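Consider the single chain below, provided in structure tokens and representing the form predicted alone.
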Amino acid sequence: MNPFIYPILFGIIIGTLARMVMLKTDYRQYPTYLHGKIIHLALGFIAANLGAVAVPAILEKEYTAVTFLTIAASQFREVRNMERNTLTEMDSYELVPRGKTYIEGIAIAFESRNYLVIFTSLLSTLTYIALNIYAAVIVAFICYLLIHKYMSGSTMKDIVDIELSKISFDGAGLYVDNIYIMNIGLPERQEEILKYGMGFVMKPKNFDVRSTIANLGQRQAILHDISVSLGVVRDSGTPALVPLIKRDLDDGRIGIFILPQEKDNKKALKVLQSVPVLENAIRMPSESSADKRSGA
């Protein structure tokens, strides 16, 4: 029997289990259905196979087999494009869209998780061959801890303070705290907004965060998540009832106006605190060379 059979099987099993651990359906409702899950599990199984056979191939001096990893990388980039295109098409039918920045973040996450599966499978197989199965189990557990750490990024509660705020009208102007949101002239709409509306203010914890929460994609992600979790009182063709976020130009705070179907203050705050900080929205102006020179 080939001495690499058991290490390869071990690597494939660990890699596939790692993909199953990373595959979660949450309030973002994706992947929701069985077929979507099967696609990602099948890709994870393929990635686990590639990672598991890479080490035996090198030991057998079959160096050309490693080039399959580069082919896999190009295929996973195609998966990223597929996810981006699918979510973009779906987004046009949402009452409160995700936005392109959020979609790109999801597509990147799906691609990167396949690479994590490859590394997990590769390291587990390598340890099995070099040491024994017990050491390989320990390495697999460490890989799981690293996956758990890197698959979850920061959330809004890490970068902003969130407060419930009163919504009010000054003439036709709608305000959250003292932040102007939009102009609503019809008295009927004003009554609906005062009846169903909720307002929140996010205060940045430092100067860098001002630029991050000013990003339009990050703001759209906030509106989408809160609307999905609490529902939204609107239908197509009612622009006056669209949830909005506006920025205070003086201090960088943002005012959030929503019309939830479930008016629960505690739940709304919890949802807002859990909104992910999008990688593409993060800005760090304090790290610029100009800022460091002025500081020195």
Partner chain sequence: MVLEKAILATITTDASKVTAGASIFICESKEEMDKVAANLEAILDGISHALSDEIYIIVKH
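Residue numbers count along the first chain shown, from 1. Values in this document were obtained by computation on a predicted structure and should not be read as measured data.
Not pictured, yet referred to below: the form predicted in complex with the partner chain.
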Next item on the list: Go through Ala172, Ala73, Ala214, Leu164 and name the one with a heavy atom inside 4.5 Å of the partner chain in the predicted bound form.
Entry: Ala172
Check: the partner chain isn't shown here, but in the predicted bound form which of Leu69, Ala42, Ala57, Ala240 has a heavy atom within 4.5 Å of it?
Finding: Ala240
Note to self: Which is the contacting stretch out of 255-263, 48-56, 231-239, 61-69, given heavy atoms within 4.5 Å of the partner chain in the predicted bound form?
What the structure shows: 231-239
Next item on the list: Indicate whether Arg77 is a 4.5 Å heavy atom neighbour of the partner chain in the predicted bound form.
Entry: no
Item checked: Partner contact for Arg189 in the predicted bound form: the partner chain, 4.5 angstroms, heavy atom -> yes
Next item on the list: Indicate whether the partner chain has at least one heavy atom within 4.5 Å of a heavy atom of Ser154 in the predicted bound form.
Entry: no
Check: Hey, in the predicted bound form, is Asn206 touching the partner chain, heavy atoms inside 4.5 Å?
Finding: no
Item checked: Residues within 4.5 Å of the partner chain in the predicted bound form, restricted to 167-186 and counted by heavy atom -> Ala172, Met182, Asn183, Ile184, Gly185, Leu186
